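Okay, so we've got the same protein chain twice, two forms, each given alone as structure tokens, structure 1 and structure 2.
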Structure 1
């Protein structure tokens, strides 16, 4: 019985009207060699290219293959790999596309293939991969000296080295995966204003009452320690955050400790009084001062407050920030024991247990933390 139904359903309709729609039926299954690889990495990608090269001596459809391969590079994670790009250029047959007379050279000989190579070089440029002399030789053998891809290669080799190291803050080519290393790089970048900054990495386990077990990267210079020591005790300090800083494509959140701006010093000395003239600065015998200059001219003093320290924590939660304050106090900042600190976190990252509705929370350091 089932057999009978199967034979009916298997009959293809021979009606002429339906025949027109038959072209939407796929009789040929498209075989995507990039899809069914179990592990997507450089080796399997190069394997697919080798299979294509070995399959047909004439390399039919190599342009389409190269475009498909370019689109799949990100999946396989090889978009920053020069060898892979070279392997793709190897797919193109050598010697066939070189123009032999002046007309061929003038009117882009084999335009589709030349455009394909230009698109490959464009993708290299977008990913920041610099080509090398071997690639120039390959392009020369494929397209000849007058080819468009070779011109693009020359332009890349002129401009890319000029733009590669323009950034004044050095970042390694491959950013570290570890969040602690990233945070260290970020804090170094932010505090590069003051070369005296000391970056310290602490663990919150040093504080007994800490709930969050994480690392804290903190940057503070001696100038900032002095500024902190001079802060009025009854005025609260504010922790502002979380702010974002980008390291190429990675994002690091950091917090700043802001204090009040120092008051202007009122200089009431009467300059016409000659009874007591002091020795001017600059004459030998007067070595230096460890006090702050009277006019606010340090880089940490800004219009909206004095930046006293910067930190990045593993989990950007309020608890880890509290640990940061305690750790700062432990390491050369005894003033923090007495000064109140206000937290202004807009969206607490991991504090689900605390039912706090308003964004600002005042935590006086004198009060013991309840669990």
Structure 2
């Protein structure tokens, strides 16, 4: 009888533990406060933060909440808003994480909470958001002067102002949503090597045979027009691309029109011979006229070819590029009517029907497959 009761007492704690574990597991519910918001904007995002702050005075689960909020920033469109990052830092309890002695300061007092603030600052840095003086005071009140998040803030304030305006190509704080405006900014950046470049915006509807109704942003200078006019008629021009240029996190695709490189002239003049000194001819050309130098020294003449024009289209299709060539011919480039053009990009075969109406534009299937 004694052995029977001893067996029951030994098994009872195990059974109770299993029942408590099963009961606890059934009561676990994962709740995401950002899911039930019908409008994904800044106001609803800040509203969720205010609800969390007012729910519990001790702010239990604040680290998990901040990590969940950081992951939803792009969905709500607030990943570049400094006010939202300040609101997330305000969620952290004040005064509790400040180290009180040298050992706590050196051994990372409350490491989980400090790492959470460092990750928040790093996400700000990745998105190009520069903190301000108010954020320094908020971090000072939360982690103290010896906290690692404050050191991260000081490094950001040292380096980010140096790199903010370092690029010579200015971009607005908020990039336009219109792809046409982005293409204009991209072509202006690419063609800035020649200040004489003219940016033109055309519509493919100007070409009657155009199938793809879209816009074309083209960049060409007077020197490039002169280089195009000097191209041999029997040598084909090549459209290369697509290439990518990035405006922050926005990607713009562009194409280049390449021609043949000019042959360098051989000069056998003995510059040490002073018996025949000619009168200096002065500066070649005059104001209002563009002339080519006798040697290959223009910025458009590269090792792989001469860049004659650059463009970006709304669809990046072969039909839009064919319309670009016709528009170049229409606007002060009549030589394109007699010079063949080769495409080096992959495009559907249905566009080949356009080539029958314009026999001067040739298509190389081998190049298409290799592109």
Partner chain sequence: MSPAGRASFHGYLDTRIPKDGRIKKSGYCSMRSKRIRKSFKRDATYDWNIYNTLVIKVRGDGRSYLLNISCEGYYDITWNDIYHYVLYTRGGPYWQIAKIPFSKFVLGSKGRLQDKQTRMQLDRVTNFGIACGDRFDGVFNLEIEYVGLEYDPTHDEDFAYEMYKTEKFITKKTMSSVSVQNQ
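All values reported here derive from a predicted model rather than from experimental measurement. Positions refer to the first chain, counted from 1.
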Between structures 1 and 2, the form predicted in complex with its partner chain is number 1
>> One rigid part or two for residue 35 and residue 177, between structures 1 and 2? Each C-alpha should go to the superposition that fits it better.
In response: no
Two rigid parts, C-alpha superposed; the smaller one turns between structures 1 and 2 by a whole-degree angle of 14
